[in-house]
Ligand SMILES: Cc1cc2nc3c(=O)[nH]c(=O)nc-3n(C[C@H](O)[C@H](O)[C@H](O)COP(=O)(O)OP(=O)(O)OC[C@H]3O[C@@H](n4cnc5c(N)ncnc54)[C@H](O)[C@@H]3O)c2cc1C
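First, one chain by itself: the form predicted alone, in structure tokens.
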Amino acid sequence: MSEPLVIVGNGMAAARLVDELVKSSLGRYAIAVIGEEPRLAYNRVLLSSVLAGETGSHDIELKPASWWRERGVTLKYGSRVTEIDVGRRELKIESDESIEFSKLVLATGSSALRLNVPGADLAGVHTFRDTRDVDLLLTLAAQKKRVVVVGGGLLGLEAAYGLAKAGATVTLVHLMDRLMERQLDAPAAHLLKSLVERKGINILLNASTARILGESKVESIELVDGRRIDADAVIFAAGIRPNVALANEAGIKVNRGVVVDDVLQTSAAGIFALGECAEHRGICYGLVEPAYEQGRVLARHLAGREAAYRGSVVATNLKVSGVSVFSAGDFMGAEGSESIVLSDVKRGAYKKLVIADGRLTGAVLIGEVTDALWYLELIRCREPVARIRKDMMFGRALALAAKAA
């Protein structure tokens, strides 16, 4: 008889784990997936493309309903788990239903942060995190509303781009002195700002939100320095918080995220966590690729094979507001490292490679990202680059030709 394995959460991490499990566990588990969102798992990275009208909402689904059925996976979406009973190995669901488990995986993801400022509860204040948010923002854009997006990281830029392309008048305010400060150095961020502004988005840096003003709905936003920006809506896209309440209430160890070891097991035996809700060696990654790596490790472990997750080299490889952006590893350059930089502002291109101890340790690319995955592989495998050092800036083809000569 198959062992009941339940996954709480129906996002990208859960979908990848199921894909890996059905390939490696050979019928060992009867898999059930319980998701709160009322739809099949989808590619959250493409939400901005839906907002911008570049793709349809159903086109971003990761797997069709038939895929799940054919693999014998029980799907319950639009269902919220309210309690984990660790001792009885049982989950309580909002409808008073319960489901037993032998193994449990928490893939509960994260929620968008809402700034704790006066006026944050006014009508017209939204977040940008799931397809329901996209539907609201599309309505705003169709009405040609004035929108202020708070946050200049990846989420904020994507919301701003999608809204502007869909017809809204958009101002983006960011607390820091540069956009995407966790992924880009100052020159790359400056170039990205100029490229995004060409798309009609007004960007204010070093801009801290003091309050949102209005009687019963948003009328304007006031910054700490006294500036006011007229607005019909405010979108918070200033970060995410791991969803840990279920684990915490069940007595499972939680710091910022649900604490897991090298096989993704929590402090409770037979209960695991992965993706944005998980904290491994003090790190909550909040990115897709680490979640996929965790899924591969956990699937191997659950299949009875040797596996260990040692952490991920953090990388970003996306179109941000229509601009190709890649960063990986130590892109700022730790002490003792050296940087090779190629900048062509007129062409909208920037490339920085960081080398330490004869190996590539970090990279930032803006505009031209053709060789991004090759640079990422060099960073991960720690291969010496002495033989290709003078050519690697100009791409994989030239560097490998020089290496073979």
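Position 1 is the first residue in the sequence shown; the rest follow in order. No experiment lies behind these values; they were computed from the predicted model shown.
Quick note: we don't show the form predicted together with the ligand, though the next part is all about it.
S.K.: Residue 6 versus the ligand, in the model of the complex: is there a non-hydrogen atom within 4.5 Å?
M.R.: Although the ligand is absent here, residue 6 would stay clear of it in the model of the complex, with no heavy atoms inside 4.5 Å.
S.K.: Taking the shortest heavy atom distance, is residue 14 within 4.5 Å of the ligand in the model of the complex?
M.R.: Yes.
S.K.: Could you tell me if residue 107 has a non-hydrogen atom within 4.5 Å of the ligand in the model of the complex?
M.R.: Yes, residue 107 is a contact residue.
S.K.: Consider residue 89 of the chain shown here, and say whether it contacts the ligand in the model of the complex, taking contact as heavy atoms within 4.5 Å.
M.R.: Output for residue 89 is no: heavy atoms all beyond 4.5 Å of the ligand.
S.K.: Between the options 191, 113, 287, 250, which residue brings a heavy atom to within 4.5 Å of the ligand in the model of the complex?
M.R.: It is 287 that has a heavy atom within 4.5 Å of the partner.
S.K.: Given that the ligand is left out here, which of 280, 129, 300, 178 has a heavy atom within 4.5 Å of it in the model of the complex?
M.R.: Flagged contact: 129.
S.K.: Is the ligand close enough to 10, 48 and 246 in the model of the complex that each of the three has a heavy atom within 4.5 Å of it?
M.R.: The answer is yes: all three residues contact the partner (heavy atom, 4.5 Å cut-off).
S.K.: Given a 4.5 Å cut-off on heavy atoms, tell me which of 32 to 40, 365 to 373, 348 to 356, 63 to 71 is the interface stretch with the ligand in the model of the complex.
M.R.: It is the stretch 32 to 40.
S.K.: Scan 146 to 162 and note down the residues that get a heavy atom within 4.5 Å of the ligand in the model of the complex; none is a fine answer too.
M.R.: Stretch hits, in order: 154, 155.
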